[in-house]
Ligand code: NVA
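Take a look at this single chain, the form predicted alone, given in structure tokens.
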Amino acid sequence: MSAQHLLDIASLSQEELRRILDLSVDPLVIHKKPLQDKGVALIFEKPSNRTRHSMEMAVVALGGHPVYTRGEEIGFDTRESVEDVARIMAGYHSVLAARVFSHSVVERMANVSSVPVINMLSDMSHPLQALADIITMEEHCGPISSLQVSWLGDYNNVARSLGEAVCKLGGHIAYGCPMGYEPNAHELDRLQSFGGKAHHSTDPIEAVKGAHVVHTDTWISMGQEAEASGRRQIFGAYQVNDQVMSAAQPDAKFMHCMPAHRGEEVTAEVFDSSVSLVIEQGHHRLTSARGALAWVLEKS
């Protein structure tokens, strides 16, 4: 059987997505120890807090041994080609997981690896975050198919993966993004082709009307520091605050993939309030990591 990779949510069927979610919350997965006495390579071109801790502990929970490696220790396409690294590491480990700048790197790894490759983040996709988001929303708000999910801010990798997951499960996602940072018509059509609803408005209040959950993310991601001043001006009207939350459903929840900047994309009054699920959401990064690992091993 060939290796089963997890590079993005878009490539999953609805049944596969639901299977990963089921494995994530199944306590029997931990007892089965599918990684017993096996290694998992965790390659970080981009540093991380939640991703490193959640993936390392997920590997340990499933009986395996995580090996954390920094990008400079690998040197993709400087010290060695992506393909050479993947082929060699596949001889040491049962899973290769990588957090990279360019999505093409995980695609190239998957093309040559004899063991599963998991995308821990790329410029195009963040599947582990989307899985954690779905788990959190279904735990606190009910089935995704009955929810409207709203996103305010930049249509980035997190927003894209979230939309793919929501639409694949029959939900409705509404984006509120400034012009130039929004999903275009083709992208909205692509999301809707998965079976859900997707639309965009440049008006943040309009985007959150009827929302059961309001999501946002930092306006300035890693590598965008030089654009910080300009981005703060562009996204200023898209801050999640009490006015925005009052336009959503009366019992609407707030979510943020973190790290967060109180006073920028979200006020402290919302982030630290009783409607905020950010801590539960962060904890479910461990839940989703276990499910993702269990699934690629099960399918491979």
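From 1 onward, residues are counted along the sequence shown. All figures in this text were calculated on a predicted structure; none of them were measured in a lab.
A second form of this protein, the form predicted in complex with ligand NVA, is not displayed here; the remarks below concern that form.
S.K.: Consider the chain as shown here, without its partner, and state which of 191, 174, 144, 158 has a heavy atom within 4.5 Å of ligand NVA in the model of the complex.
M.R.: Comparing distances to ligand NVA in the model of the complex, the residue within 4.5 Å is 158.
S.K.: Among 57, 237, 258, 67, which has at least one heavy atom within 4.5 Å of ligand NVA in the model of the complex?
M.R.: Going through each option in turn, the one that passes is 258.
S.K.: On the criterion of a non-hydrogen atom at 4.5 angstroms or closer, are 5, 90 and 94 all touching ligand NVA in the model of the complex?
M.R.: Result no, not one residue of the spot touches ligand NVA.
S.K.: Tell me which stretch of 74-82, 197-205, 212-220, 110-118 has a heavy atom within 4.5 angstroms of ligand NVA in the model of the complex.
M.R.: Single hit among the candidates: 212-220.
S.K.: Using a 4.5 Å cut-off on any heavy atom, which residues of 5-39 would contact ligand NVA in the model of the complex?
M.R.: Heavy-atom contacts within 4.5 Å come from no residue here.
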